[in-house]
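Okay, so here's just one chain, in structure tokens, the form predicted on its own.
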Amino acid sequence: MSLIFDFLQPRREFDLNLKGDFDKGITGIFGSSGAGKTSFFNIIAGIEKPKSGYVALNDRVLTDSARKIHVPIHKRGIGIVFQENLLFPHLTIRDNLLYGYKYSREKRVKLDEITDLLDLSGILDSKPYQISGGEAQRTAIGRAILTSPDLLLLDEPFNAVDYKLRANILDYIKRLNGVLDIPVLVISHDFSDLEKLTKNFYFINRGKRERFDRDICFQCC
């Protein structure tokens, strides 16, 4: 996997000007609140167009302002999990998961594989209001994985869960990456969570990438 990006996006407080080249594995994207992480998420996912620059995934151009290319979100091959789980309340957990599966292009990942991996087999007939926050988070991750993505993008996946659930979800993310070999970008303001997931970090501060310094990160994030 190769995700390459170099873009500029003016914001009210500062310009978001980021450049990077990620290989497979888990990469932690972090910074304090308002640093530009959500804008980064939106541009990589295709929700937002940068004023200038490009994004390419596996040598496939997703955004190129000079050539007026902007692949829509549903055609990017990126599995997305937002801060809010956004499960469909009228569907069972099984149908929420299959919603991702029916839109997958290659169907490389199977439902049974994901329910076993994420420990969801016992709640498939439940509705979202009947399950815990951790189960809802794992369902959202499973739905994204079932699109057979080339990249999994998680935005603040630990915000709504307590310490015990965080530990479980951290373990599930590592297991997904190891078993399915799907590259993962995890966006978070909590460096201690990211440190349990990976040694690969991308630190954003006021719209710019800054040198990684563990002590500084613990102080500011």
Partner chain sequence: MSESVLVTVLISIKIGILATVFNIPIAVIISYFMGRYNFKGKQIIDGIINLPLVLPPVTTGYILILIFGKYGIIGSLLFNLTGIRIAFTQTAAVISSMVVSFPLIVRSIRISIEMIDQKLEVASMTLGANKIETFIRITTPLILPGLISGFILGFARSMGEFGATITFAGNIEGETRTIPLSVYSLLQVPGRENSAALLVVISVLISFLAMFGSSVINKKLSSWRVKQ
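Residue numbers count along the first chain shown, from 1. Keep in mind that this is a model prediction, so the values were computed, not measured.
Quick note: we don't show the form predicted in complex with the partner chain, though the next part is all about it.
Taking a 4.5 Å heavy atom cutoff to the partner chain in the model of the complex, the contact residue among L111, L86, V71, L117 is L86. For I123, no non-hydrogen atom is located within 4.5 Å of the partner chain in the model of the complex, even though that partner is not displayed. The partner chain in the model of the complex comes within 4.5 Å of a heavy atom belonging to H90. Residue contact check for L180: none of its heavy atoms lie within 4.5 Å of the partner chain in the model of the complex.
Under a 4.5 angstroms non-hydrogen atom cutoff, the partner chain in the model of the complex has K102 among its neighbouring residues.
No residue of the trio Y54, L176 and L197 has any heavy atom within 4.5 Å of the partner chain in the model of the complex. Along 41-65, one residue reaches a heavy atom to within 4.5 Å of the partner chain in the model of the complex: I47.
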